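Only one chain comes next, encoded as structure tokens, the form predicted alone.
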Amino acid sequence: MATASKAPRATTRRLSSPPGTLGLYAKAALPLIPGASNLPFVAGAGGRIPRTTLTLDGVRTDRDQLAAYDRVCGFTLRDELPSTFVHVQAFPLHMALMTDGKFPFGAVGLVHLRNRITQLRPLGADERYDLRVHTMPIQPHPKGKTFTIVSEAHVDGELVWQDASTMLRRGKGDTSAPKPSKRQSPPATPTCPAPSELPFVALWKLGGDLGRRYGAVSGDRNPIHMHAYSAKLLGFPKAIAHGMWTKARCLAALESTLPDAYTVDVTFKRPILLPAKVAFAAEDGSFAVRNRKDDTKIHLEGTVTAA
């Protein structure tokens, strides 16, 4: 009689230093080689997501990296960390999870659908904090499968920051999965206007080198962001802006209005092909990045709410 397969055993790996993202991206590219996913050390063989938690204690902020990040994203230089900067610090742990040989999908080609960050209090630039990163189980989606990476920052045992990034692996969709609505995140309410109806605030001009500049400070050197040539190899006509840069740029524009504790929730709707000019629109905690000529073409939509 057939028996049900056992769920993966939960494990915790404590890291002594952040993994190098350049080496991890080289490893992430291996599943693109035909047959490579059959090798035990290469991700992409299918199955369940390992129940692995990665921890990195005593994380310090590199002041030069922080200043460079602030400049690229438009933040004011100050002694508090932008909430999206902590995501950058957790990103190498994300890559380490997704390039593990037991991970069911290759990292290159995943689509970032949504990111939700909750800052429970500001983190000082000189504070040390402990990171914990784990991945939630696979969920069905009309266009394939999704999973969410959860990251947490603790100071002396106190949870001060949390991040959830939902990723899509394109493939055969599950007809039983609920179809995403036109406004999947944030949910529509009678007092929350549609992204196309938010008042215009600013026009942003994005250079063709934006992906390389953000990649240099964030460590996110996905080929779709680096150059038009590498982006074309992966199905894009040009290099595209990082979704987390776009989110950070929105927070920088709202910086003077942000409370000490807040949740910022965004959905990435349409890639921004570089170079580009895009419109930023915002009102009463709702914001969007839109095509500058057609308000109905939304690149990103989101909300900020007090936590």
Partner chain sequence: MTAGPRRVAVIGGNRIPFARSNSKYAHASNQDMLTAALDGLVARYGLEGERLGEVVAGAVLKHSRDFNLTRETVLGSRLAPETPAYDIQQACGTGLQAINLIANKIALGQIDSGIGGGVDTTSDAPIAVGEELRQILLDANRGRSTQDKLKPFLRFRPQHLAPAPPRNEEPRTGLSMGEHQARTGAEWGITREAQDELTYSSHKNLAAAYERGFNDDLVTPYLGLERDQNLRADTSIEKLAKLKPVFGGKSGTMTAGNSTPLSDGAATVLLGSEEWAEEHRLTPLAWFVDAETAAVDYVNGREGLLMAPAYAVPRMLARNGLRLQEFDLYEVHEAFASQVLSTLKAWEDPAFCQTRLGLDQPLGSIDRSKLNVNGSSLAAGHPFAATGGRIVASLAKALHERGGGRGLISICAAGGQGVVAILEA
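Note that the structure is a prediction, hence the values are computed from the model and not measured. Residue numbers count along the first chain shown, from 1.
If you look for the form predicted together with the partner chain, you will not find it shown, but the lines that follow are about it.
Asks: Though only this chain appears here, would Ala228 touch the partner chain in the predicted complex if you measure heavy atom gaps against 4.5 Å?
Replies: Answer no; every heavy atom of Ala228 is more than 4.5 Å from the partner chain in the predicted complex.
Asks: Does the partner chain get within 4.5 angstroms of any non-hydrogen atom of Lys232 in the predicted complex?
Replies: The answer is no: Lys232 has no heavy atom within 4.5 Å of the partner chain.
Asks: Although the partner isn't part of this model, could you tell me whether Asp130 comes within 4.5 Å of the partner chain in the predicted complex, counting any heavy atom of the residue?
Replies: No - in the predicted complex, heavy atoms of Asp130 and the partner chain never come within 4.5 Å of each other.
Asks: Does any part of Asp209 reach within 4.5 Å of the partner chain in the predicted complex? Heavy atoms only, please.
Replies: Answer yes; at least one heavy atom of Asp209 falls within 4.5 Å of the partner chain in the predicted complex.
Asks: Please pick, from Arg71, Arg121, Lys102, Arg170, the one residue with any non-hydrogen atom lying within 4.5 angstroms of the partner chain in the predicted complex.
Replies: Contact residue from the list: Arg71.
Asks: Looking at Leu159, Leu203, Ala216, Ala194, which has any heavy atom no more than 4.5 Å from the partner chain in the predicted complex?
Replies: None of the others qualify; the residue that does is Leu203.
Asks: Any idea which of 85-93, 194-202, 131-139, 216-224 reaches within 4.5 Å of the partner chain in the predicted complex, heavy atoms considered?
Replies: Result of the contact check: 194-202.
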